[in-house]
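Okay, so here's just one chain, in structure tokens, the form predicted on its own.
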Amino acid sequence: MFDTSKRMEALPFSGIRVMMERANRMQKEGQDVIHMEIGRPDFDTPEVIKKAAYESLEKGHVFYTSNYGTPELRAAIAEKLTKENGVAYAPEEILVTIGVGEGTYASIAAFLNPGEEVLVPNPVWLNYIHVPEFFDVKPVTYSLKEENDYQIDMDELESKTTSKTKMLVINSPGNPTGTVQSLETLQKLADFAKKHDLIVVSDEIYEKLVYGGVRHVSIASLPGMKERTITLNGFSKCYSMTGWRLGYAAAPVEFIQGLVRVHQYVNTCASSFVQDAGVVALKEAEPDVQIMVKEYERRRDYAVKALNEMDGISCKMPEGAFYIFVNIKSLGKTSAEVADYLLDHAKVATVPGSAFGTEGEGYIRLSYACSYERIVEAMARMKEAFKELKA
């Protein structure tokens, strides 16, 4: 029997996946579980994208591509970023990755040394906390608080910055809160990054999932920021392509050269026919995206209203992504206890807020990426479960 490395001993299992595995086991046993724990759109991938993959396979596009990605996809991504995000990129400034997860890993591996520090939101998608630890880099968390509408507190950010701080991570629209950082906040962050000479990693995977007229702004579009920003994005959420594993990093060429050296030894390249489908997604699937966004907004509105009508339960109206961060502090239980109770007694799978960092304690995250009908049923079950829990 061989032991795992000490590095692995310090690396926990994903709190999201733990809940998902439990829910899946219950479902296989015949229990009617409503999945609100995983950020997985219930929509099928748009037909135009699937058709492009079929055609690519039929043409024999089944071989390695360049480590950087196909010229066609890199050009399409650069065109999209220039047109939609207001940042002029050349194809040479794009690296095609296996989802945003790989971009996260490569950014830390390529640019941070052991003992250096990265500023990370709290709560946040847990990769940003645990991947740095894998490389003996210290994640220094800054708080996103409900009372501040989950906007970044610049005074706290300043207080957490040291001579070892080399990188700043931002995630907008955010997971797990669904918050979109305001233009005012982004402008302050830009000034902060330039003042401290930091690399900024901007995770924008949910950029198209914004509601009520809210506008997403890429921090790289602000003056003096493109040259210090690694923008991470992909196709999983907005195009309902989670299983296709296609993402990208956009950054100046010198950053791309660092990222690709990690990428070439970890993944070689993204799948050739998936990259062909990605080109079509960018060029032809926007109408499908807008249909999904409209439906997500309908689901969000119903769930938020229903939650806020439950005794002792509250939540902010998220401006983006497809998550609701639910305040359950009045129940007097930990977030893990509440999530377990909902799964065991209501058959509704959620994620304890503690899975996303210390600031997540007192909350649970639920995803409204499941159907409207299942959300209606989930809210009814949760209402009864909360009554029983408080009794």
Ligand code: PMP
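Remember, predicted model here, so these are calculated numbers, not experimental data. Numbering starts at 1 and runs along the sequence shown.
FYI, the form predicted in complex with the named molecule isn't displayed, but the following is about it.
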Even though the named molecule is not shown here, does it sit in the model of the complex so that 107, 258 and 267 each have a heavy atom within 4.5 Å? no
The one residue among 300, 237, 263, 74 placing a heavy atom within 4.5 Å of the named molecule in the model of the complex is 237
Sort through 281, 100, 250, 168 and report the residue having a heavy atom within 4.5 Å of the named molecule in the model of the complex. 100
Close approach of residue 319 to the named molecule in the model of the complex, 4.5 Å, heavy atom: no
Mark residue 175 yes when one of its heavy atoms lies within 4.5 Å of a heavy atom of the named molecule in the model of the complex, and no otherwise. yes
Spell out, yes or no, whether the shortest heavy atom distance between residue 150 and the named molecule in the model of the complex is within 4.5 Å. no
Please run the contact check for residue 228 against the named molecule in the model of the complex: heavy atoms, 4.5 angstroms, yes or no? no
Given a 4.5 Å cut-off on heavy atoms, tell me which of 136-144, 181-189, 160-168, 237-245 is the interface stretch with the named molecule in the model of the complex. 237-245
Can you list, in sequence order, the residues from 111-134 that come within 4.5 Å of the named molecule in the model of the complex, counting heavy atoms only? 125
